[in-house]
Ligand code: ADP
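Below, in structure tokens: the form predicted alone, a single chain.
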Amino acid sequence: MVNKIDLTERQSKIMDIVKENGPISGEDIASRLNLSRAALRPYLGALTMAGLLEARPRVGYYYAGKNSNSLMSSNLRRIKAKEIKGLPVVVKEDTSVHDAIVLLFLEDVGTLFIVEEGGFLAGIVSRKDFLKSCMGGADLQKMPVGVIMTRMPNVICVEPEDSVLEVAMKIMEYQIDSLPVVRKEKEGLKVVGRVTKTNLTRLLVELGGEA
């Protein structure tokens, strides 16, 4: 049901606009919220994936109503992050940027998770972070990855029992490629997996094939 999804304030405003004015174009929605189309796109994508909105070319966005209980939407709510997560690729904070970049390419991933002793999340570093460090002219073999990482608590995470829909909405809202799956423990957040855009795309293809 719709009330099982926690919408952000902006998503709620978008829903209200579409309910009152739909069908309505993305351009009109962006104008009413004083946003650019690019800034609005992740929110519309998340609400459409959730089955709350539908979109048709040359028509616009409209409230899905009963269609929010579609098979695809129900599956996205039912399936948990733990069911599609992959193995996390982790390094310690004192790992050199050079060695971290090598690992990034060897594992063919876009993000590394920085962990403390025991596997507890300390931060995250992405390809963009590595690119910025390479442009700075620093000695990458001496620079620790901890210098360029995004530190906790500024890392967006999901938990094993979060629905795939919640995961997808976070990825789209924050426009990131990968999320750490963490388990809350007394000592902190233990990294137990990762969910990427590729994981989600693969799942959607599988669900689409079953429909």
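Heads up: residue numbers just count along the shown sequence, starting at 1. A quick note: this is a predicted structure, and the numbers were derived from the prediction, not measured.
Although not depicted, the form predicted together with this ligand is the subject of the following passage.
- In the predicted complex, at least one heavy atom of T150 sits within 4.5 Å of this ligand.
- Residue contact check for K82: none of its heavy atoms lie within 4.5 Å of this ligand in the predicted complex.
- For E161, no non-hydrogen atom is located within 4.5 Å of this ligand in the predicted complex, even though that partner is not displayed.
- At a distance threshold of 4.5 angstroms between non-hydrogen atoms, K128 is in contact with this ligand in the predicted complex.
- Contact with this ligand, judged by heavy atoms within 4.5 Å in the predicted complex, is confined among 134-142, 92-100, 74-82, 119-127 to 119-127.
- Interface residue among L33, I176, A55, L44, judged by heavy atoms within 4.5 Å of this ligand in the predicted complex: I176.
- The partner is not shown here, but in the predicted complex the stretch 133-168 reaches within 4.5 angstroms of this ligand through a heavy atom at T150, N154, V155, I156.
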